[in-house]
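Taking the form predicted on its own, here's one chain by itself in structure tokens.
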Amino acid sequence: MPQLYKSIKPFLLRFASMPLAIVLLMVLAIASMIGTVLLQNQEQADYLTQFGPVWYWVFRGLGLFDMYHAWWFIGLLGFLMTSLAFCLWHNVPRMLKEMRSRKVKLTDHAWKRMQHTHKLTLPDRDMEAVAGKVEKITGWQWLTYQEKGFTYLRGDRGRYHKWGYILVHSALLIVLIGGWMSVQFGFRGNMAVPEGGMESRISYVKGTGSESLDMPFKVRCNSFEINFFPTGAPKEFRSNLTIIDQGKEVLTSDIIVNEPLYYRGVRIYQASFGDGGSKIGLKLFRLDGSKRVDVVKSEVYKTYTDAESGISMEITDFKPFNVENMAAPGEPKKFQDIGPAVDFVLRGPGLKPVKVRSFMNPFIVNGQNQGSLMMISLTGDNRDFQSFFLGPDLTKPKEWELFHAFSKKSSGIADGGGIEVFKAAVSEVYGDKMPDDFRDVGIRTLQGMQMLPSLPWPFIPLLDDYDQVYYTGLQLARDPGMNVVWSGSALLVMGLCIMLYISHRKVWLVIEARERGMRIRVAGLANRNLMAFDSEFNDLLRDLEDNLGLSQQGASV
């Protein structure tokens, strides 16, 4: 066994070397920077869209999308932990021995290497009395040794400074162990709970796939509240949750962002919110000339299929507020809520799928009614929405009737019938009771004559009413290594304070008997902060003069 140890000792010493640990720390730091910049555990489709197919497969092959679970990252972490463990195993016994051992005798060769030296004389020949007076100087840990007419005294301050190195290295190892525990035994997943609903399963992205995990308890969302800034951005959202464990309500509490709920080692964070399946009412304005308006009911995340045309509407989202900046370019921002809207994807025979946002209210700017509004995205991306003004205000049945009356009367007329045909249509619909905004109604009707026939669908879907339900987006996390990391961090701060602010200061006094009295040589040495030690050494000399009644017979050398 000793022979085996001798053969592997050079390898162990190299493995425990400081350069290797520094290289490993730098590699891990660079990897962690990548993991911070590159969002982890997102949907693979999002990565593919963001980076393109070539870089997507390169990053995926390197495991950068779930870097902290990648084999190479775990390997580096384990390699660094092993290196630190060997470093402590090799150096700590030596450091402890150095802190315990104190060489009192000072040779002439060592005297020449001292930072500070002084020579003093004393007529008294009682070495024991002089040594006793020196030992009364406070603030130093004194040790005495006598040999052949010499008395050696050594004083130390901060001689346990190497505990700083031990604590720093131990703390790094503890922090790494805590991180490894979190990676191996912890989890972080998402849970969506609609108002009034319960959920017990979380989902999370791992590697290039998705996994789920059942919690040992259920979470019920009793209520969800949200406040908005004037810009429409969420100001604060709050969930009232109840934890149900084995069929019993054990805990009810509100949570907001950065103030999680803690239960059975799991922290429940308020992470997001969204539509929890709001009930939606839609009006389908038929464009077949019949003036028919059908009312249909559906829900967010469900698909309604029109039996007549075969066109389906996959409802994807609902928002009760839609705040837009209505200011002209170069003017101060002017935010306006243009009302509730529902998003859906329209699909049908011979139609390219498009994403549509249908508003409940007409579009009104500076008090002027611009008619009903839809927004259309041909790519399906919300950033590509384009406004599509329909013309008539479809919330007013008379304007829908006027559009059809005008269309019917002007059909077959080459120039569209002109003003006389329009007046006849208005008279048919409104009779003697003309609307106050007759001019605006006419403009909207003429706009509808141009816009509505260009729609590729057999109907206009318009939001009619809704019964909103939110879901609260929760993030559940178990981090078994968190307390370990905090403990290591505390030790790291303590160790750094010791390393930075405590230096080992050593002084020696060599008392030598002479024919007439005795000679005292004083020497001092510090491992850092030499300017402060200059003052400390001079203070010691003054204390010697005060305690012994000495007169200086030389200057510092």
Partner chain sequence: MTAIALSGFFGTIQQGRVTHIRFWTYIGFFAGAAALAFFGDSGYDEDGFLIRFLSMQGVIWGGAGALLGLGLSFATGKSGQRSPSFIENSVPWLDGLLLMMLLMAAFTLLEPHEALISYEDQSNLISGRIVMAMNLLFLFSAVCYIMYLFAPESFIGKMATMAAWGGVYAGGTSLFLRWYESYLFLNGDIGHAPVSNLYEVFILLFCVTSSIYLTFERRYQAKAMGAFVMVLVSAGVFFGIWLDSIGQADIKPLVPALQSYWMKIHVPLNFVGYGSFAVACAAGMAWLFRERLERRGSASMLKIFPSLDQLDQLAYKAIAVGFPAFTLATILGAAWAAEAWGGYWSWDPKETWALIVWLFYGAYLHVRISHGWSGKTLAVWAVAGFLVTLFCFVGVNMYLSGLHSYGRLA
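The shown structure was predicted, so the numbers you read here are calculated from the model rather than taken from an experiment. Between two forms, the rigid core is the largest collection of C-alphas that superpose within 1.5 Å. Residue numbers count along the first chain shown, from 1.
Keep in mind that the form predicted in complex with its partner chain is not shown, yet the notes after this line are about it.
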Among 493, 513, 58, 48, just one has a heavy atom within 4.5 Å of its partner chain in the predicted complex, namely 493
As a check of understanding, the residue in 119, 355, 188, 404 with any heavy atom within 4.5 Å of its partner chain in the predicted complex should be identified as 188
Partner contact check in the predicted complex: of 449 to 457, 251 to 259, 293 to 301, 463 to 471, the stretch with a heavy atom within 4.5 Å of its partner chain is 251 to 259
Contact label in the predicted complex: residue 235 to its partner chain, heavy atom within 4.5 Å: yes
Any non-hydrogen atom of residue 388 within 4.5 angstroms of its partner chain in the predicted complex:
no
Note to self: in the predicted complex, is there a heavy atom of its partner chain that lies within 4.5 Å of any heavy atom of residue 25, even though the partner is absent here?
What the structure shows: yes
- With the partner left out of view, is residue 37 within 4.5 angstroms of its partner chain in the predicted complex by any non-hydrogen atom? yes
Applying a 4.5 angstroms cut-off on non-hydrogen atoms, the residues of 177 to 194 near its partner chain in the predicted complex are 178, 179, 182, 188
### Message
So, superposing on the core, is the move of residue 359 at the CA at least 2 angstroms between this form and the one not shown?
### Response
no
Just checking, between this form and the one not shown and with the core aligned, does residue 459 shift 2 Å or more at the CA? no
**Prompt:** With both forms fit on the core, has residue 138 moved 2 Å or more by CA between this form and the one not shown?
**Reply:** yes
